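Next comes just one chain, in structure tokens: the form predicted on its own.
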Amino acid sequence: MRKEIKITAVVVLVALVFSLLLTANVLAQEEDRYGGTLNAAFQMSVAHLDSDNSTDSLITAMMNHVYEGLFEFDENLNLTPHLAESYQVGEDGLVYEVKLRENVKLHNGQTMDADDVIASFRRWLELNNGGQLVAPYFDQVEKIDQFNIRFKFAEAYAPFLNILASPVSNQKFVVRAEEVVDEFGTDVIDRHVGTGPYKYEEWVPDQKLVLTRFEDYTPSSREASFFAGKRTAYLDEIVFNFIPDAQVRVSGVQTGQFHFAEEVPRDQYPLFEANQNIDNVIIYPDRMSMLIYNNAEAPFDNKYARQAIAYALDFEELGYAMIGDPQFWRLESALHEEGNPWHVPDAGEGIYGVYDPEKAKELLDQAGYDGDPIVILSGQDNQMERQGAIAIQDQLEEIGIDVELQLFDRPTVVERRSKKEGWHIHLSPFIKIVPDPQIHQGWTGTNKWISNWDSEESREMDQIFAEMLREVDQEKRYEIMERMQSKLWDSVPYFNILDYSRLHIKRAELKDFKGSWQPFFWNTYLE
């Protein structure tokens, strides 16, 4: 009996020693990840670093390391409390009560509390485009106590939390130190104090932004998933270098000067693939190639003419013409990608991707098309727009449509498409990632964005969005979203031809980098 006890004790002791050695090894490996300076090459500079005062998405991408939101999205665009600990929504959708995480440190050494959040929120409501979407429906924000806040609405505004966490440029709400908000008011902030894993260190306009690790950072306890959950600052320093020349960005990664370069030429993908020191990063979901009609101008003031163009185009052939390598594009009819909570898998069924030139001719006849030239207005500086416009012209001419192609630089295109006459079709890239279907209201409905859509159908779409705005139940909002997409494909004021991706590259020694719609470098390290 004693022998059995001794053997058991030895087994337990060996298991304990093994467990301790394993734990020590894991801790040592974790410790080895800390240190180093990451050099990233971005394609353009920014005017300043105040995301409330700009629509430049690069500001948000860089300053996401410095500032954090009450809520963030995970990799599947699920809303996740971040600086918020929890929240409750009243049954009428008019009251949101948010409990903050306690003991979260700001970069000035103070503890973040309700005063910082309220000051930041009031500024966001006044300046930020996202805040301005919310403001017409909002009543007041109240401090319950140091770590609890109440947001009150005059009218229900269902997408409130999604807008707060929106990754779309000039929408996201971030928490700034109250003292900084008081100091700058609505002016552009140039002294940055947030709660993020990295601190603002140096800004050299047109050259670089330098961030350093915040040693007192307080991470979320939730599992890391893109922008949500635990963020770890392994790097001592992050330097964002602004390098307009794509080939200079490429050469910098090839030589080791840069660890990461955004938006490099897709046609060099095979060269990067053959280099063992470089990893390709294909971003998906990323962009949509949107075909927009001028719905105020004949023949596209008639929905049958708009449907006809969808049937007249071979989308797969367009993919090769616009983008090239099929690794960088995919056919997709829905406004939200697969995996997004708002994805409608059967959107456009029966019309999207159905190449039927004869049906297109029948629909044009039904619309009363008189054979006048169709003007395609597009950009000449962007490959998707230029090559897409040329390919669409070729395909439409094959079924007997007379097409006039107008290619201009971006400022000229923007100026010409703002008019209600002189063009019929325009190609434009759209960001694929949107956190809430309500955002589509900005360009879908009566006289929204550039489509000049004003008809009985557009007013029916207005009503759909009005219902969605008031409905706070997720399942019911999704059902409204399904109706919206069905109506969109029946009336086709615009439609997505395909989704396509940008190409970034990184050095192989940059580990655990997650490609996303905005680059981020917490939870990454240099081997």
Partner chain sequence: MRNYIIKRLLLLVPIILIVAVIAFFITNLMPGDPVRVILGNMATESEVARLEQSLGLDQPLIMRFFRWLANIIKGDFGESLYLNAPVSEVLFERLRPTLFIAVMAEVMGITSGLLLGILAAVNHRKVLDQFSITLSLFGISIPSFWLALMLMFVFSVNLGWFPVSGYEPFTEAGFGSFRYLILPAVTLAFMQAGLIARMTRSAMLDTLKQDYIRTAKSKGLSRKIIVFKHALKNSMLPVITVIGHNFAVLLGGTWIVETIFVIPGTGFMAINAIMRRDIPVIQASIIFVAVIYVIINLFVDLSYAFLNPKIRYH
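Residue numbers count along the first chain shown, from 1. Remember, it's a predicted structure, so these values are computed and weren't measured experimentally.
Omitted from view is the form predicted in complex with the partner chain, to which the following refers.
- No member of the trio Ser120, Thr212 and Asn340 reaches the partner chain in the model of the complex with any non-hydrogen atom inside 4.5 Å.
- Residue contact check for Glu102: none of its heavy atoms lie within 4.5 Å of the partner chain in the model of the complex.
- For the chain shown alone, Asp145 is not a contact residue for the partner chain in the model of the complex, no non-hydrogen atom being within 4.5 angstroms.
- Put simply, Phe153 is far from the partner chain in the model of the complex: not one heavy atom of it is within 4.5 Å.
- Using a 4.5 angstroms threshold between heavy atoms, Thr232 stays clear of the partner chain in the model of the complex.
- Here the chain stands alone, but in the model of the complex its contact with the partner chain, taken as any heavy atom within 4.5 Å, falls in 167-175 among 93-101, 107-115, 332-340, 167-175.
- A heavy atom within 4.5 Å of the partner chain in the model of the complex is found for exactly one of Thr37, Ser486, Gln43, Thr55: Thr55.
- Only one of the listed residues (Ser225, Asn277, Gln132, Asn302) places a non-hydrogen atom within 4.5 angstroms of the partner chain in the model of the complex, and that residue is Gln132.
- Taking a 4.5 Å heavy atom cutoff to the partner chain in the model of the complex, the contacting residues in 206-220 are Asp206, Gln207.
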